[in-house]
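Only one chain is given next, in C-alpha cells, and it is the form predicted on its own.
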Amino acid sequence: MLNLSLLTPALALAGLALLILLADMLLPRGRERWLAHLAWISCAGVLCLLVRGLGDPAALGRGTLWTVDPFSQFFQTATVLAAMLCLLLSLDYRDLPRRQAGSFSALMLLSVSGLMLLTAAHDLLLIFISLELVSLSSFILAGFERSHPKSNEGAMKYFLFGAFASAVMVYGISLYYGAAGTTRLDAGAPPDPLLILSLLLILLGFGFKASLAPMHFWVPDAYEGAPTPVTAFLSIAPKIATFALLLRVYGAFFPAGRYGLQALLGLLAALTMTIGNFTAFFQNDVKRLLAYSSIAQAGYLMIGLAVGTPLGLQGAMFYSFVYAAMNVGCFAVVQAVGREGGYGLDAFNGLAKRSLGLSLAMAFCLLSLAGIPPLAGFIGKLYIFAAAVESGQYALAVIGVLNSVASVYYYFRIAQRMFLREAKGEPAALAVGPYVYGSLAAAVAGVLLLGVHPEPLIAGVRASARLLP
C-alpha cells in the first residue's frame, strides 16, 4: 500500500501489543507485571518516535487511506501521552488481577493503535476499522473486573450502545458511497440531500465515541464500573482522537457552514455542555460525577468545531491537550482515595488532613476543569470562547460561559469535602504507589505550567493546525 511507512508508530504499537500477548502465554507465573512495564515503556518509545517526527517533512505525507500531517501528529502525541499515564496508574491499581496484566496491557495498546490510525484516516473504511478496533478493546477493558456487578453492567451497556452506533454509522457509510461513489472523504461531493443524510448518520457514530449528547447514556455506567485506570483512559484518549476525526471531517472535508450543519453542531455543543454539567449536580459517586464532567468537556470542544474558523480549530486542539492533563490528575487522586474508602463523596471528607499533597493536586485539576485562572483549563476555554465571539456566535459563547460558572458548584463539592469536612470515624491510611504519584506529578505540572506559561503549547498548536489537502 502507498506510504505504509507513515503509519510506523501505530503499527509498531500494534505489533508490541501482539508481542505482549505472546509473551503472556510463555512467561512463567509471577512475571506478568513485567508485561505491564513493557506496555508503558512501549508507549514512551512510540511517544519519542512521534516527537522526533514533529515537523519532519519525511514523516508527513498521504497514503492510500490515510494522511499523516502536523494535525494528526499533534493528536497522536496527545493520545499516546495520555495512554502512557493511564498505564502507569494501572501498575498501582490493586483490583487489577496480576495474572491478567498481559492481556490488559495488550488491549490498551491495541486501543491506542486504533486511535492513532483514526486521527490520520481520510477514508471511511479505515475509520470504521479503527473505531471497531478501539471499541472491541474498550468493551473488554470496561468489564475487566468480572467479579464486580457494576463492571459487568457498565460493559454491557457500553457494548449495546456501541453496537447500535456502529450499525447506524455503517448505514451512513453506505449512503455516502451511494452519493459520492467512493468511501474517500476527499471526494469533493456536492451537498445533495443523500450526502447530508449520510453525514448526519456518520456524525451519530462519531458522537458515541466522543460522548456527545444525546449519545452519552452509556458513559456514567461504563465509567463507574470500569477499573479506574480504564475510566481515565476512556475519558481522555478516545474522546480527543474522535475530536481529531470530527475536526478533519466536519471542519476540512465537509465544512459545516457549506453543508448546512453549523447550527446542528452548535446545538449539540450547547446540549452536551448543559446536560453534562447540570446532571453532575446530583451525583454522589465521584466517578459518575467525573463522567458527567467528561460529557460537559466534550461540549466545550464542540464549540471549536461548531465555530468552524482557524481560531476555533486551534482552541479545540489546545483544550484537548490540557484536558488530558486535567483528567489524568483527577483520576489519579480518585484511584488513590478509592483504594481504601470507595468512590463516594464521603471518601474525600478530611482528605487534606490525611494527604495535603493529594488534596492540593485534586483542587488544582478541578479548578482547571472549571476554567478558573491562572490554570490551563482557563486558557483553553478562553481560546474556545474567543473563537465563538470572533465568528459572531455570541449565544454559543454565553452558553459556554454560563456552563463553566455552573460547573464550579459540583467541582467545589469535592473540594469542600477535602478541606472543610471531617472524616467519619478513623479514616484509613492512604497507600499511594509511586506510579500514581508519577502520573499525578506530570498532570499537575501540565495544569500549572500551561496555565502560567501557555505560549509553547500555543505555538505548537498553531504549527500543527495544518491539514494536508
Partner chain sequence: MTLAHYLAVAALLFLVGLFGALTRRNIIGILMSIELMFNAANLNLAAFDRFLHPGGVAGQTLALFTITVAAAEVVVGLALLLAIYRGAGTVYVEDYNLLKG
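Residue numbers count along the first chain shown, from 1. All values derive from a computational prediction rather than experimental measurement.
Separately, the form predicted in complex with its partner chain exists; it is not shown, and the next lines address it.
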Name the stretch, out of 241-249, 132-140, 75-83, 300-308, where some heavy atom lies within 4.5 Å of its partner chain in the predicted bound form.
132-140
Single option in P255, G344, G181, P191 placed near its partner chain in the predicted bound form, where near means a heavy atom within 4.5 Å
G181
Option touching its partner chain, based on a heavy atom within 4.5 Å in the predicted bound form, out of F278, Y93, F128, Y259
F128
Look at the candidate spot formed by K150, R288 and Y292 and say whether its partner chain comes within 4.5 Å of a heavy atom in all three of them in the predicted bound form.
yes
If you check in the predicted bound form, is L200 within 4.5 Å of its partner chain, heavy atoms only?
no
Can you tell me if G205 lies within 4.5 angstroms of its partner chain in the predicted bound form, counting non-hydrogen atoms only?
no
How about A155 - does it come within 4.5 Å of its partner chain in the predicted bound form, if we only consider non-hydrogen atoms?
yes
Wondering, does S103 line up within 4.5 Å of its partner chain in the predicted bound form on heavy atoms?
no
Pick out the residues of 164-196 whose heavy atoms come within 4.5 Å of its partner chain in the predicted bound form.
F164, S166, A167, V168, V170, Y171, I173, S174, L175, Y177, G178, G181, T183
